[in-house]
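First, one chain by itself: the form predicted on its own, in structure tokens.
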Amino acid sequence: MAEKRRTLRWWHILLAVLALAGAGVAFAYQRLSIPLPESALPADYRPDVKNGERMYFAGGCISCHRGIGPFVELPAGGRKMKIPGGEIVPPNITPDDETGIGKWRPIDFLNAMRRGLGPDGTHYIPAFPYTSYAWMRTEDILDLFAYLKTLEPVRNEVPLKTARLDRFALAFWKWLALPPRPFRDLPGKDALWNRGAYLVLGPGHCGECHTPRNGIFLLDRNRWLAGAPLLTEKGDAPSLRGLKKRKRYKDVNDLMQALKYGEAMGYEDLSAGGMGEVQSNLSRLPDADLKAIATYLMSLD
């Protein structure tokens, strides 16, 4: 009889756990399926296109969204990219009305970047690194959108890759993965360090490749930038920690020069695993931003 009661108690516990899990999934789906309202936009916002261009290169948008043929220098999409379990074709993000983001509103772009939601409520798969972009300040996201709107519109229809995961499961994953708020400066650190941390964490989304993931593909924050297997190809993204101790770079200026000039100036291993294109994009940033990134990375033990 006692054994029967213990078995029944475990079944009750299991059912309670399942009920709580189901409630959590339902809550996450409801919360993250509701787009941000227009009131989320800052009042009297005026776009800074120059800053948007800076965010464009900090984020390396062209690396994934690069077009083909005559549109190779525009983010018209169309190139295949490997992801775990298959491949995707990144979409067209030029301001074409029919096949790009020409009809998108600023709030649509903010929802895509901060919540991984399309204008029609689609839950985007996390090959689009919105879990990093969600750290970005609203003004930077809107400036990026304003810059994209200045590009030449390209008509190139790219079918949207839908998630294999059930949309409820994806919403729950996003609930676990998305940061609770945009980046805030860390007290006790100077403006240069905080600027570098922001660029690395948010627009640069460096952690997406350089941080290990757990069994459900969440970034392991306890091993932040400690190196990880590449998800899109064979090999590993190296650790970005202890760069001076490991004698990768002598000091902040040395790393800054590497980010600016890459292998053209003798800095080796800056073309493997797609890093060559990353460095090419970063080289378009102002020296002040490169110094900030280098300052932050060189501070990591």
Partner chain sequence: MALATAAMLAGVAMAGGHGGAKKMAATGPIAERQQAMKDIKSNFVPLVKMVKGAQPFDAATVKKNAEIIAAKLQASAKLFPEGSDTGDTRAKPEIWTMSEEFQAIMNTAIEKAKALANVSSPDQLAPAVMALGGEGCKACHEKFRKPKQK
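Residue numbers count along the first chain shown, from 1. Model, not experiment: these values are computed from the prediction.
Quick note: we don't show the form predicted in complex with its partner chain, though the next part is all about it.
- Just one listed stretch, out of 67 to 75, 177 to 185, 100 to 108, 222 to 230, contacts its partner chain in the predicted complex at the 4.5 Å heavy atom level, and that stretch is 222 to 230.
- Within 4.5 Å of some heavy atom of its partner chain in the predicted complex lies at least one heavy atom of M265.
- Among heavy atoms of P42, none comes within 4.5 Å of its partner chain in the predicted complex.
- Its partner chain in the predicted complex comes within 4.5 Å of no heavy atom belonging to K245.
- Although the partner is absent here, D236 lies within 4.5 Å of its partner chain in the predicted complex, judged by heavy atoms.
- A single residue from the set N51, S271, S33, S63 has any heavy atom within 4.5 angstroms of its partner chain in the predicted complex; that residue is S271.
- Contact annotation for 278 to 294: residues with any non-hydrogen atom within 4.5 angstroms of its partner chain in the predicted complex are Q279, S280, listed in sequence order.
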